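Next up: just one chain, as structure tokens, the form predicted alone.
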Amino acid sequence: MKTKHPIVIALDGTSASGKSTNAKLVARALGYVYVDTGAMYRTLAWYCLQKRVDVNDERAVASACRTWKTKLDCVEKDGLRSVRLLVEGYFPEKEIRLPQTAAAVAHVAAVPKVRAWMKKTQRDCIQFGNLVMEGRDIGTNVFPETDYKFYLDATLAERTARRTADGVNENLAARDQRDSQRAVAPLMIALGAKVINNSAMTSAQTSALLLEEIRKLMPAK
């Protein structure tokens, strides 16, 4: 059910800090809509690869982002409502998780005009009601006005171990550096955000803490 002023819970943080897992757990618990903003950037990266757009060519990527045919779609699966970005009616669910797509994302996400397009599109997700939105610039750039800002982090060793357990070999230190030094909307802790270091916490413990903090911020009914 839509409200007049939907709540947006911004969940930012470093790679492998548990953003996706915990955002889904919180969205399910509250009955909110889950938005994976990283998947939107991955979708554009996949599109550029499909159309043979050089992801290192900033102008070409910006042009592709300006002209591609997309639509926001809200679906429900396993008790979780989530937003997807359809390209010409298609959602490349598996394709955006392929290694070649992952390798292209950092280049695409660094383009200023892409980030401006993504910000507008991500703000449009409010049409679906209350949101739990995860990413790297939600509290600082996409919805800086929200009162519900959280930043997840864990030690580099713990995050690397999590990636390895998932079968992914990624240089997270280099990724952190790219994200934090990006010229537009860099990864940083939003003003007023609650920082949670979950190095020694399970997903259940982390999401429980998030829900506790969220409920403290909610106005009394």
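Just so it is clear, the structure is predicted and the values come from calculations on it, not from any experiment. All residue numbers are counted from 1 along the displayed sequence.
There is another form of the same protein, the form predicted in complex with a small molecule; it is not shown, and what comes next is about it.
Participant: Within 4.5 Å, heavy atoms only: does residue 47 come near the small molecule in the predicted bound form?
Facilitator: Result no; residue 47 lies far from the small molecule in the predicted bound form.
Participant: Hey, in the predicted bound form, is residue 132 touching the small molecule, heavy atoms inside 4.5 Å?
Facilitator: Contact check for residue 132: no, nothing within 4.5 Å of the small molecule in the predicted bound form.
Participant: Would residue 115 sit within 4.5 Å of the small molecule in the predicted bound form, counting heavy atoms only?
Facilitator: Because a heavy atom of residue 115 falls inside 4.5 Å of the small molecule in the predicted bound form, the answer is yes.
Participant: Would you please decide whether residue 149 lies within 4.5 angstroms of the small molecule in the predicted bound form, comparing each non-hydrogen atom pair?
Facilitator: Taking the distances in the predicted bound form, the answer for residue 149 is no, it never comes within 4.5 Å of the small molecule.
Participant: Just one of 188-196, 152-160, 62-70, 35-43 has heavy atoms within 4.5 Å of the small molecule in the predicted bound form; which?
Facilitator: The contacting stretch here is 35-43.
Participant: Counting only heavy atoms and a 4.5 Å cut-off, does the small molecule in the predicted bound form sit next to every one of 109, 138 and 179?
Facilitator: Every listed residue reaches the small molecule in the predicted bound form, so yes.
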